[in-house]
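Here we start with a single chain on its own, the form predicted on its own, put down as structure tokens.
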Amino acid sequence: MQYFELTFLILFLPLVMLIYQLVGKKKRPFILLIASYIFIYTLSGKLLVYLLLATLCIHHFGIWLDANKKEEKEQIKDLDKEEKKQIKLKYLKQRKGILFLGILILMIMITLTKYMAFIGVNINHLLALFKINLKFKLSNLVAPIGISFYTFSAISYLVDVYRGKIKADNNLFKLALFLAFFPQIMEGPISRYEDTAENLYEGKKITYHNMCFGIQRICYGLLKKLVIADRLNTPVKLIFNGYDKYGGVILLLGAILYTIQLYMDFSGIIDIVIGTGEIFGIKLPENFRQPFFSKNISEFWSRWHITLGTWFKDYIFYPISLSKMSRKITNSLRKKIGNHFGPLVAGTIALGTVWLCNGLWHGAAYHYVFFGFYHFALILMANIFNPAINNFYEICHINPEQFFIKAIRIIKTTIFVIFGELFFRAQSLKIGLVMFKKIFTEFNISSLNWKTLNALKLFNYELIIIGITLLIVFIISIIKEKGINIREKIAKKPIYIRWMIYYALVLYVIIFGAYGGLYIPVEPMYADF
């Protein structure tokens, strides 16, 4: 059962809504939890046990961390300053050990399911390099849907309890719902306990306003997913699977189409997820903010998969860049190479770690690692040359925010993103490099003709439907980029206009959605990450 399937949309979700609305306020969170476990079971079956283990882990270790803090407070009563300092250091060390053990258990679970085969291959390569005649046969356990997403939510909970940002929750059911809430289990967004847990457990009544707004958002997500992303799946598969048969222009087309497909699929599913949460009065964090209006790669990643980016920033980048060692390096280098390049060195170490983790988070393969370091290199180059570029703008009296300059920067960033997605989608790093090379060495524009497009299942009517739908999404994105809340605007219109828009959207999805034998069915693309 997927978010975009009729089983979910006309059976599972309405049934959950009905039962949720009929029971009392205190019982509603339990209805959501039961519904979540049923939904997860339809996706992963017995692999639901991984989620249950993660839930028990953070429940136990969170309580252990809080108990340690309470014990510390009892111990330091009536002690002098020096004795208090020693006791605090002792308990801090203990809490670090507790945190490390809790995170280790979570990381072991995700490693066993995602990275064991990759680790085995690399160990064997290393042994062969040193001419050691020994081979390890390691394979991944079957991975449950969404393990990367709920593992990161679980780690953030433990770290926030350790930092004192939140108190450990003794309520196991509340924690279980926080990790398992069915709309976000498959593709996120990656939630923080402080942002969603109370809201999830509040048991708000479904209101007409929330239901209308939630259904709006779901329909818009279905538009992106079923009309554009699924329709592009066939040509994208044909191009990437048959990369050796095509020249550079078709491979570039494949990279462009895949970039569109990935965005429409992922952001469309997130729209469905957030809309579903909105029906129940639950505000989930936004994961996209018009990323293709970004003027540089750093800004792009602050608008794309926002919750993953902020997770890496808060739990990897800042701890490394603000550590004692990093501050020591920064202070030393600041004196030698200046205020710009001094801090840049320590920041670069943290940034590199983030992008290595980002690549591996998406998958255990070298093309994902390359994808991470590709973006790391682009952001690093921007960090190095930004002062010089800003000086150039100032000397030449150029406003970087004027339309023409801004458009060039947006186009440049989009091109960088498209090439990054080429490597992301390629079946291996080697194939990605071959495709990248062919784009520049075998670029023959004449190969882009109607015969080729038809062979890729991009018929005239397909291109028209894709073009019109992309235009609709583009116009809505421009309106949102200007800070206009289009949903509120529609809500203020007379009821007959509102419902005309709603029906038009639903009918458009039903009529032009990618169904049938012509299309290759595609599950949510980020569910595997």
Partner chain sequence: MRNDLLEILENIKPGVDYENLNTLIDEHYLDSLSILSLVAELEDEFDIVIPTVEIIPANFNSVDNMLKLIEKLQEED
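Numbering follows the first chain given and starts at 1. The shown structure was predicted, so the numbers you read here are calculated from the model rather than taken from an experiment.
Not pictured, yet referred to below: the form predicted in complex with its partner chain.
Three-residue candidate spot D66, Q75 and L101; no residue lies within 4.5 angstroms of its partner chain in the predicted bound form by any non-hydrogen atom. Just one of R409, R95, K165, K457 comes within 4.5 Å of its partner chain in the predicted bound form, counting any heavy atom, and that one is K165. Note on the partner interface in the predicted bound form: the residue among N399, S446, N339, N170 having a heavy atom within 4.5 angstroms of its partner chain is N339.
Residues of just one listed stretch (212-220, 428-436, 130-138, 342-350) have heavy atoms within 4.5 Å of its partner chain in the predicted bound form: 342-350.
Its partner chain in the predicted bound form comes within 4.5 Å of no heavy atom belonging to N124. Under a 4.5 angstroms non-hydrogen atom cutoff, its partner chain in the predicted bound form lacks G120 among its neighbouring residues. Taking non-hydrogen atoms only, Y318 approaches its partner chain to within 4.5 angstroms in the predicted bound form. In the predicted bound form, N199 stays away from its partner chain, with no heavy atom inside 4.5 Å. Applying a 4.5 Å heavy atom cutoff to its partner chain in the predicted bound form picks out R289 as the lone residue from 263-296.
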